[in-house]
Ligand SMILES: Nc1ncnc2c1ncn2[C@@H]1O[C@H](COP(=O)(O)OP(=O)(O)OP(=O)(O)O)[C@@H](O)[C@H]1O
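What follows is one chain in structure tokens, specifically the form predicted alone.
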């Protein structure tokens, strides 16, 4: 394999179009309105990353779109199917049994993230928030279930109030806690070729956000190990909105903004996919050096992208509203030059799908 990954054909010449794998060590912004083929096209690129690199993928997947990344299609060539089948792809889902069950450890989350799970505001809930900060220094048993018991029996009434809050919010009943056992970050740390964290199977946004935050907290805590990873966040506006309304949503957004600002030097590289730039926190987009743009009809959004990504020629950006499904503009370090591309075919099965309309 070589450094250039085939992703489709050039619109103008029908010659093979490539992306430069070594330049994925920059943050990437992937954008396209609903129906543009954004998720399908992203799958094409992720498959090529699996084929051409040793770069571990961590995919936060809110819509269960990549849960079959381990399953080659019948239409894939024998060579590609064999290569993909040999890759170590772990699919972690809330509904899966055993080692494939998506679960995280509450006690391994950043202490401020734990406070956010408990919906504690540092100003409005100042005393309890401060008590939660003290838990990080005092509790050393390393087990989620033990933490609940420890809080219930503590002599400090503020800590007992935290136990009551855990119970009242139903946090302990979430089927996502590892209770001190093996969790998603243990899987990620084994450095499989790809770990798909299926966030689409949770009953509430809070569970989705807490699981994503636990994974990102652990990656950030281990940043000094400088293990290169590509962290893919599909539908990123669900995880890093500019107007996050709850403590948990704000904590998740703040962590992603922090990784966008500082993660590159530690080998934590983001690929953020969303429908519109205005839906994603601006401090995340501004840190991206690669752009993949599919159909975008909003003139306002295109103007904003032109200002942020000055390396993307305006005459190519202006063609975006006329793109058909599966067509994209690639610009930045991972493209040898700005290029318009018709994306190729997927090699693995798609996950999520549209809800069909029944016909009479």
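This structure is a prediction, so every number in the text was calculated from the model and none was measured. Positions refer to the first chain, counted from 1.
Heads up, the form predicted together with the ligand isn't pictured, but that's what we're talking about next.
Colleague: Looking at heavy atoms inside 4.5 Å, which stretch does the ligand contact in the model of the complex, given the options 54-62, 300-308, 313-321, 30-38?
Modeller: Looking at the partner contacts, the answer comes out as 30-38.
Colleague: The ligand in the model of the complex: within 4.5 Å of a heavy atom of each of 275, 326 and 350?
Modeller: Checked in the model of the complex: all three residues contact the ligand.
Colleague: Taking the ligand as it sits in the model of the complex, is residue 235 in contact with it (heavy atom to heavy atom, 4.5 Å or less)?
Modeller: Residue 235: contacts the ligand in the model of the complex.
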